[in-house]
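Presented below, as structure tokens, is a lone chain in the form predicted on its own.
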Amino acid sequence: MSALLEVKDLSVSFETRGGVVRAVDGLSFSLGAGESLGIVGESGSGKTVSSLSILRLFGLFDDVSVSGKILFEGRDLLRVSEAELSRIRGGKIGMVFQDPLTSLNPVMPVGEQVAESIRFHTGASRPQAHRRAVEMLDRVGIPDANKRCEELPHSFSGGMRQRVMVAIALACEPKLLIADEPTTALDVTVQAQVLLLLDELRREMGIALIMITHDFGVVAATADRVLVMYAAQPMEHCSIHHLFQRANHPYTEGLLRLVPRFEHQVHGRLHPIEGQPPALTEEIVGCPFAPRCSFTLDRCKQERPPLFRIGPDHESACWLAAERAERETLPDKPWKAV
């Protein structure tokens, strides 16, 4: 069965006053119907730009260069017309943005904002769209949805505004949902509620999910597979089981050891990854993680490693990937979300 989404050798760069920023460099992955993929990395790793590229959400005046292919249901989204893409955005591919307060129209009732997408993509009448909007708001857990759909976004809490964003994204029953750090500004309890809601609706509606995050707790709660990015490049791609049991790339291991665990309170402090990510305006020679890695070889500084396949569902961009794959599991106990 063909993949719902295939990203092939995607590269994205921006012209800025400081030079050309290579935001994504040679990214490839695929996603089947109903699957979920978590894209993880530090700020500036390219994870958000990679998700925006799928829907070409760069703005009309951004000086951006994009190469590669983004095949959705066999069609290259980088080459379809803007009119065609506007039908796909919100219709077949929904997106939940990081900050719902700035994503929602502050002077339009939330019910109308949900209904607007329904009318555009389905041709429903205003009464039909209103009924569907109330149904979706109720479905995402907005209490007294029929009444609250007339209220403006500022009258909702952060968690409820994010639920409204989920309702808008899923109102037309898309085949793919992209969630860009949807729980960043929420407290821990509300984060758990939103993640549970997304996972329940995804499974119920059979939707594929791309979850953009820097939080391994979010990954553990929502993803079937994980793509780890660093300095605009893919570092490791594996199943959620392999991520926590047999992480291969030194960068992935470093990130996992930064996750707070109960035993850290007893045995000592967290161990940060020393150094800083490279500037994306400069040409990167070799492995981008080499200056911060404890296992660096001369080859690492001279040649960029490809993604080596080290298992049926495991790839790692490390020259030592095969040797590291023969080790036992990580010394620390695998971390799991509560």
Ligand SMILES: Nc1ncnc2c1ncn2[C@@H]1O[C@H](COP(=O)(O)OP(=O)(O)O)[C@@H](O)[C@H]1O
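On a predicted model such as this, the values are computed, not experimentally measured, just so you know. One-based numbering along the sequence shown.
Not on display, but discussed next: the form predicted in complex with this ligand.
Contact segment among 66-74, 297-305, 282-290, 38-46, judged by heavy atoms lying within 4.5 Å of this ligand in the model of the complex: That would be 38-46.
Residue contact check: residue 21 to this ligand in the model of the complex, 4.5 Å heavy atom: Yes - in the model of the complex, heavy atoms of residue 21 and this ligand come within 4.5 Å of each other.
field: Stretch 133-169 - residues with a heavy atom within 4.5 Å of this ligand in the model of the complex
entry: Stretch hits: zero.
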